[in-house]
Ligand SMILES: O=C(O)C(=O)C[C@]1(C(=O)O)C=C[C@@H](O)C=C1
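Read the single chain below, which is given as structure tokens and is the form predicted on its own.
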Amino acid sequence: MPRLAYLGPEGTFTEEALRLLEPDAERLPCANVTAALNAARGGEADGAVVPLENSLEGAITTTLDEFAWGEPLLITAELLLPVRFSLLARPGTELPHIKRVYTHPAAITQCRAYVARELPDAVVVSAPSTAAAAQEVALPGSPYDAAIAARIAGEHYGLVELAGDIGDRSDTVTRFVRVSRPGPLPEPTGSDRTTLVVFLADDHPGALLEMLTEFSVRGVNLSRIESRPTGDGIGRYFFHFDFEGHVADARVGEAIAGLHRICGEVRFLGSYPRADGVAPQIKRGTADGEFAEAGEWLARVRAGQV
């Protein structure tokens, strides 16, 4: 039974994602994303589950930077979790009694319309996480009347759900990833995703276009690109890429090798099954068999068999 670290405390959306990814795993709650990833790096846990991006808020920058600068880890699985916020309170609390609400800033943003409509006189205060908010509200004498958090947090801390699914957007999704120390990769499934961090060798006109060309000419479809500052001064960035396919695919391997030739550093973060199960459309001339046939033809040419 694996032991997996996750962004805690108990009752976070990350715990919910972990339960779905690894129902039988022993769970190790951690104070933040860095602590969860370090638990995996140091062997305190067999791996970790952390959020990577949200369909409304965008990338989780702490996770991106940890993957770029921390000790190497590999993504081995992903999960797309619908985000459903609940208004949680101590038993006996009614909506008119709520004057102070505690929750994470992301939840404040995503539940703004509900709070304005149903709790117009309430003060909303930022918490370290939605689960920490629920934990605080459950304490006797808490200065807060309610928390906005995942329903699972109410189960953990003995709170009742006064209202469910209170987010402004019902289609909000957070993408979580399971990571582990470097080792064997998941086998290709035909519906895979690969993730890289890429650093420029130097800043010059067309540098980004050169990187994108390595994907384009081989028919590799990008699904996400994020730029993050290197910290070396204004205008200095490195890049996160998600794209369709597995490193075992000829077109993907060729693209990564091409990036390795022209970039300062390429950090491979893993090839793993896509959570949505979508298979890529293979552009003519980029299937594995076509790469193999082209290689055989080139070998004949080099041997003078024209």
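If you superpose the two forms and keep the largest set of C-alpha atoms that fall within 1.5 Å, you have the rigid core. All values derive from a computational prediction rather than experimental measurement. Residues carry their position along the shown sequence, with the first being 1.
Just so it is clear, the following notes concern the form predicted together with the named molecule, a form of the same protein that is not shown.
The site on the displayed chain is open: the named molecule, placed by C-alpha superposition from its pose in the model of the complex, has no atom within 2.4 Å of a backbone or C-beta atom. Although the partner is absent here, T76 is not a contact residue: none of its heavy atoms lies within 4.5 angstroms of the named molecule in the model of the complex.
At least one heavy atom of T130 is located within 4.5 Å of the named molecule in the model of the complex. Contact between H104 and the named molecule in the model of the complex is found at the 4.5 Å heavy atom cutoff. The closest non-hydrogen atom of V83 lies within 4.5 Å of the named molecule in the model of the complex.
Contact annotation: of the candidates T195, Q110, Q135, S180, the single residue with a non-hydrogen atom within 4.5 angstroms of the named molecule in the model of the complex is Q110.
This chain appears without its partner; in the model of the complex, the one residue of L269, I60, L259, C30 with a heavy atom within 4.5 Å of the named molecule is I60.
Contact with the named molecule in the model of the complex holds for none of V115, G167 and S170, as no heavy atom of theirs lies within 4.5 Å. Partner contacts here mean any heavy atom within 4.5 Å of the named molecule in the model of the complex, and among 68 to 76, 204 to 212, 228 to 236, 172 to 180 they occur only in 172 to 180. Residues of 6 to 42 lying near the named molecule in the model of the complex, listed in sequence order, are L7, T12, F13, T14, the criterion being any heavy atom within 4.5 Å. For Y102, the Cα coordinates differ by 2 angstroms or more between the shown form and the other one after the core has been superposed. Once both forms are overlaid on the rigid core, the distance between the two CA positions of P128 between the shown form and the other one is 2 angstroms or more.
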